[in-house]
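Here's a solo chain for you in structure tokens, the form predicted on its own.
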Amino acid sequence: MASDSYDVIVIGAGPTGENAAERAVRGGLSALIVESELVGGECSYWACMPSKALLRPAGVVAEASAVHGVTGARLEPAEVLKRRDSFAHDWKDDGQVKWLDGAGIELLRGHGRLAGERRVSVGGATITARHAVVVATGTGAIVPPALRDVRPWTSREATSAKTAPGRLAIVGGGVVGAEMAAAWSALGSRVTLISRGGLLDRVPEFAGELVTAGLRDAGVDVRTGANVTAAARAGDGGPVMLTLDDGTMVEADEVLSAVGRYPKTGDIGLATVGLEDGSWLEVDDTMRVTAVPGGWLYAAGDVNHLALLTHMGKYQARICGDAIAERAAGREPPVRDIASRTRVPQVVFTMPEVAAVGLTAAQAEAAGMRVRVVEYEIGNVAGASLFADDYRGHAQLIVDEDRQVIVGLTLAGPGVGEMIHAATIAVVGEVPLSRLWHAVPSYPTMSELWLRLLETYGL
């Protein structure tokens, strides 16, 4: 550490923290980033990248198998895991540290804690931020009481395991649970997925139903409307026996807890600045923490609980870093967050995929909009029938009738993840339907879905 004071101190060197620091430096400020684990954070080593490296080969095989005339597509689990390791850089952060150096960001390894206004302690040192401190510590996996004594996997173990367990029980039917069920079943595990409700309950019901059917077709034992009431592991490393609330039992070699996330703010000194340790951090549209006077504390990414997605954390970080630099120069930031609450895109990499952006019909109605819902079977599009024989997929478009703009779209079906950004542009840009009608989709691609949705609407 070259100094005991910097313009900006960032706690957490995941993608969010890296982007916040880089934008501040780009704005002419000095930045120190503090990290107790690997530079690059959860996404690089235990989430986005390794999980998608596990899922993509399974998706390729599924796509190939869905086209008549293609035979022989199969996975080589050892090679899939080897490829996954390469995307996680074998859990080494040399490349990310080099990136920090190139960006002019100083790194201090250790556990960072707030120590009062604009002060951060790391080990025995205390550093002062001249302008701002950014909290970008992310989230951790919740382990419910019933599973705590059986040493369950979390998302970290699920994305870094060296071999496929013979039997894997997954508790939780959200994104992590559904994706890991798809990945490990394809790699040879007998998977039981236990969910207290339907799968993917934050998107429209049809999407969860299609994913449930896809997982069952792949051999996953999907049990919805079920809760784990007790768990016991036989000896050290023995099988786990789960007891469900309907009285049935599930035996597995490993159990994955995928029931949600908590903010990693329990030991970062929030109490020293008047906040509750372990709490989510409420922010304004420049990522400034609203409950701390003086305007010096910011929180970007998962810790502010707006949108727990890497790409949204990076978006917030760009806004945050730019805002700090602008305010340091005596100006109010011109760019504010307009996406994190109502215009969030997401892809769930299951088989089939789910992609969504913006509001559901219920959310739009709750916001006071006069809503029209437009439905269409994606398999009726010529491009979809070329993509896969007997294509199964569905689209749901949400229109604000008063403004004649799209406020939400959900897609479920093979290959839809690469289609969602067009919808994101339409939603964020508030493109009028009458203008969108002139965006002619190429034939015969799956994007012709846009024309069919607008025709179904009545244009």
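So that there is no doubt, residue numbering starts at 1 and follows the sequence shown. On a predicted model such as this, the values are computed, not experimentally measured, just so you know.
Just so it is clear, the following notes concern the form predicted in complex with a small molecule, a form of the same protein that is not shown.
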(Q) To verify the annotation, which of these, Gly295, Gly383, Gly174, Pro77, has a non-hydrogen atom within 4.5 Å of the small molecule in the model of the complex? (A) Gly174
Q: Taking 4.5 Å between heavy atoms as the contact cutoff, choose which of Gln346, Thr192, Ser185, Thr212 touches the small molecule in the model of the complex.
A: Gln346
Q | Three-residue site Ser5, Arg26 and Ala115 fully in contact with the small molecule in the model of the complex at 4.5 Å by heavy atom | A | no
Q.
Can you tell me whether Glu157 touches the small molecule? I mean in the model of the complex, with a 4.5 angstroms heavy atom cut-off.
A. no
**Q.** Arg196: touches the small molecule in the model of the complex, heavy atom cutoff 4.5 angstroms
**A.** yes
Q. Any chance Lys52 has a heavy atom within 4.5 Å of the small molecule in the model of the complex?
A. yes
**Q.** Partner proximity in the model of the complex: Thr126 to the small molecule, non-hydrogen atom cutoff 4.5 Å
**A.** no
Q.
So if I measure heavy atom distances to the small molecule in the model of the complex, which of the stretches 126-134, 198-206, 329-337, 281-289 falls within 4.5 Å?
A. 198-206
